[in-house]
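Included below are structure tokens for two forms of one protein chain, each presented in isolation as structure 1 and structure 2.
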Structure 1
Amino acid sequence: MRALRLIIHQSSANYKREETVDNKMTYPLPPISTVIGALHYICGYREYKEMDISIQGKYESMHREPYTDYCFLNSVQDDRGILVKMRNGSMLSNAFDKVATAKKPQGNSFREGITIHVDDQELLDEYRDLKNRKDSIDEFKKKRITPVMELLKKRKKHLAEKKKKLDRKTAEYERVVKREKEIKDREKEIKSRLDDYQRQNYTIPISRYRSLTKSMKFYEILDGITLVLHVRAADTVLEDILEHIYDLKSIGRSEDIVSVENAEIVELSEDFEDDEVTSKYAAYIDCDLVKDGRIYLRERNGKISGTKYYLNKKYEIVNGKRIFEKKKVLFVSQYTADEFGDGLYVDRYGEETYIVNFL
């Protein structure tokens, strides 16, 4: 069995657990989808390439690390957070100018200047002008446009009633239709001019303003990680990965830098002449292998315990959402195997012997 062996070191990493927000909890080893994603990224694959991964490794310690989280709110909120103006309205980045900061959690107002700290008076004035302009547009809509539109609606209704009574072939009917069209065009023109004006003078300029909130959040960080990964895939895919392996910069977060100690295509064996192999590493092991007794944790036929994970492997996009296929694995260490084959292989590297279980 041909496979690619990767031995990787990371000084620290967070393998985020789905959905965690305030304290980004970590898995003890990277989940399958994280590894697959990283390998696809370095090869520049835009579509999923079938691959199975064996993941084992160890970490030295674990700690919780605080960080300042910046969150752009869904819409501009006048009463909270930090009001900022983006340099580029269509892009969310840290290229923004601070306009003003709310001093209290709630009950402030940037527009009214209630309990705020002004960082840039000019931009704040611009923000207030825009808000005032929105008010004038709304007022104009209410006092001028709405009555006109209602009048036009009434006329349309009157013409429609008149049209029903007339014979389609008469000149009078033609005149009514023409008048009706004129009114509809007028209606359209009024709407479009108003929308244009609002877009140019309010919607586009205000879209550069955003509400930003800052808060302290945490990452659970593993330190001093060694990963032993085996990849089973088509030969071309393995060669692609091997060719690009030194483009692999991180696994986990972008700052979780990796150093690749070993990357080579190896022949995995199903025969093992010694009695049994006990792994030095912790690993995700297919639950069925443990249940079947092909991998045992303490004494043979002993009680099986530990934490089971349903790890993400690959996804399909359904209604815009990533729906993952899950693999049932058990997180174990100091485990032993003595029968290989049928998904369980041995790999020898120097003095080390790895138990390889593809997921």
Structure 2
Amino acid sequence: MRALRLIIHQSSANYKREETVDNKMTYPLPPISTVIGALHYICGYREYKEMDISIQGKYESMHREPYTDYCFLNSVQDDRGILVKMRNGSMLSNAFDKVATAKKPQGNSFREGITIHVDDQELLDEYRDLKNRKDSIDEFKKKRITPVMELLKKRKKHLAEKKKKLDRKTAEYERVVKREKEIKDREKEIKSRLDDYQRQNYTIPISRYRSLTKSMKFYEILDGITLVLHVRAADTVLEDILEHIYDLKSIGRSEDIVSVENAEIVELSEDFEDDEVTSKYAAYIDCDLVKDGRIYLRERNGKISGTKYYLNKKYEIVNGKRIFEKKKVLFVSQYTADEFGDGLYVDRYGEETYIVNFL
């Protein structure tokens, strides 16, 4: 079996687990899709190339690293967070201007200037003018529009009652119908002009203002990582990866820099003269190999140790969404194999003997 062996070191990394938010937990080793994505990227592939990956490795320690998380609220809150103005009101991005910052968790007011730090007085004045304009619009609705609409509503009711008593074939009936239509058109016109004025003078301008909150969150960070990866693919794909392997800058986050110690195409063996091989590394192992008894795990308190994961491998776009193919694997360490072949191979590198299990 021809395969590409990669031995990679990272001083630190976070292989983010998709389901974690507040505390961004890490997988103990990079998931399959992360490795495949990194290899596709360095080769410049725009379409998926079939490949299977064996992932094993180890890390020295793990710690938590704090970071500041910024979050846009769905609406503008006058009493909390950071008031910002988006440079493009139709999208959320880091292109914004800071207007003012609340000094306390609650009880502040950007509009009234209560316990806030002003970053841009001109934008703050604009925000306050918009809020004042909204009050004026509401007041105009209450004192001018609502009475007119109530009067039109009464006239419509009067005409409806009058219409019931008239013969449909009379000229008087036709005049009532015409008057009803004029009143409905008048109602629509008033409502449309008011909505248009409010949209242009308040709704659109204020939509560029947002409340931004920040909080302390954490990454789980692995330290002192060694990865042993084997790639099974078409010969042309293996050659492409080998040619571009030193373009590989990171696995995980962009700051999780890699150092490639070894990259070479090797022949994997299904024969092993010794009785068994015990791996020095932790690995993702196909659950079926453990179930079939081809991989033996270390037992703790009479129970088999290991963590089950459903890892993403590749995806298809279905109705605009990524649908991932999942692999059921067991993360294990100090495991032993004594029967090779049918997806389980041996690779010798110096004094090392690797158990290779493609996923």
Partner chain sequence: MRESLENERFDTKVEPSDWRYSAAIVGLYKYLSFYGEKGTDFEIAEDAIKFNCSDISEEKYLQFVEQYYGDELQHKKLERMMCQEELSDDQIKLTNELLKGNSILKKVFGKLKFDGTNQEEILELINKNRKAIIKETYRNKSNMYANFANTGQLLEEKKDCCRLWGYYVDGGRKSKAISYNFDVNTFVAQDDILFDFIPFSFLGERESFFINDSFSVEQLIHTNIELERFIENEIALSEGKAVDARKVLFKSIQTVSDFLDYDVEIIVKNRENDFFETLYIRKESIEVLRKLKIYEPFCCSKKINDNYYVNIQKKVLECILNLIRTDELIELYLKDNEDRSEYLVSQFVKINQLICGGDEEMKQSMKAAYACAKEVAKKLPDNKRESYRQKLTSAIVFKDYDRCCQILLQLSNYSDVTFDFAYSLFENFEENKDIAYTFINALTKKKDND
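When a residue number appears, read it as a position in the sequence of structure 1, where counting begins at 1. We call the rigid core the largest set of C-alpha positions that still match within 1.5 Å between the two forms. Bear in mind the structure is a predicted one, so any value in this text is a computation, not a measurement.
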| item | value |
| --- | --- |
| Structure, 1 versus 2, that is the form predicted together with its partner chain | 1 |
| Interdomain rotation between structures 1 and 2 (smaller rigid part versus larger, whole °) | 20 |
| Rigid-core-fitted C-alpha displacement of residue 82 between structures 1 and 2 (angstrom) | 3.8 |
| Following rigid core superposition, Cα shift of residue 138 between structures 1 and 2 in Å | 12.0 |
